[in-house]
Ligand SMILES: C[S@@+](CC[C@H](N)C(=O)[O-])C[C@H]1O[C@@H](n2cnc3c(N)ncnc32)[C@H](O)[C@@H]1O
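Just the one chain here, laid out as structure tokens, in the form predicted alone.
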């Protein structure tokens, strides 16, 4: 069987099973099998695929037919131009989350600062920021030890292990226990925000394979924001920023939680024009009313 024939057969199987982005999945799985890049895959499409490689490839394709995400099969996902190891212990990094990185870089302006990534998962946000902000001291926290193992491996692989300190704990609790001081300039987070009422609308790849603790399934979709904002307010310096991702329909509910003790509240949309990130600044003085704006 030739490479192009295997690719075509796999694509047919994925299309018939109604797998999202079947062409991309077929390519990524074959690139994983052959340990090659996309250009090499297509430039050698007339190459004969050995029986052993064909068996491995179609085993992976069959696994993808069950709904298991391609990234969990290959063990990799790109984020911010960096190659991240992923496993079923962590949420798969998504392109829309890069908006958080863009916002923090914009606000930090390359100045010395301290920031924490709450619910770090694979470490993608913290490590992307570390790759861009040499003056930043970065902490990352997750409640899952398994997730932290993945994040630490990513830090080592990317040569950023000395730039990010990892902690195990429930959101910002480790820092509240440590001293509870106003010591951070930024709190950034992509928290779980899918409620139980929204489970029917979630792709089976997310619902059945990604860790529930990482993406939600909450009774109250706003409960995590209440906790996170309350903790952030205790730990942020006056004038510090909370930069947090939210679900497509949560803008009004999330910003409503930020009326007390916050100012300069704004909402930023992703490339699909979906309100994706909320930015809130901790009051520098007391007695100011929060103001909310939206930006594309």
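From a predicted model like this one, the values you see are computed outputs, not experimental measurements. Positions refer to the first chain, counted from 1.
Not on display, but discussed next: the form predicted together with this ligand.
Undergrad: Would you check, heavy atoms only and a 4.5 Å threshold, whether residue 125 touches this ligand in the predicted bound form?
TA: Yes, residue 125 sits close enough to this ligand in the predicted bound form that at least one of its heavy atoms falls within 4.5 Å.
Undergrad: When the contact criterion is heavy atoms within 4.5 Å, does residue 91 count as touching this ligand in the predicted bound form?
TA: Residue 91: contacts this ligand in the predicted bound form.
Undergrad: Does any heavy atom of residue 180 come within 4.5 Å of a heavy atom of this ligand in the predicted bound form?
TA: Because no heavy atom of residue 180 falls inside 4.5 Å of this ligand in the predicted bound form, the answer is no.
Undergrad: Is there a heavy atom of residue 166 no more than 4.5 Å from a heavy atom of this ligand in the predicted bound form?
TA: Residue-level check for residue 166: no, no contact with this ligand.
Undergrad: Of 127-135, 169-177, 107-115, 151-159, which is the one stretch near this ligand in the predicted bound form, taking non-hydrogen atoms within 4.5 angstroms as near?
TA: Every other range fails; the passing one is 169-177.
Undergrad: For the stretch 173-192, which residues lie within 4.5 Å of this ligand in the predicted bound form by non-hydrogen atom distance?
TA: In sequence order, 190, 191, 192 come within 4.5 Å of the partner.
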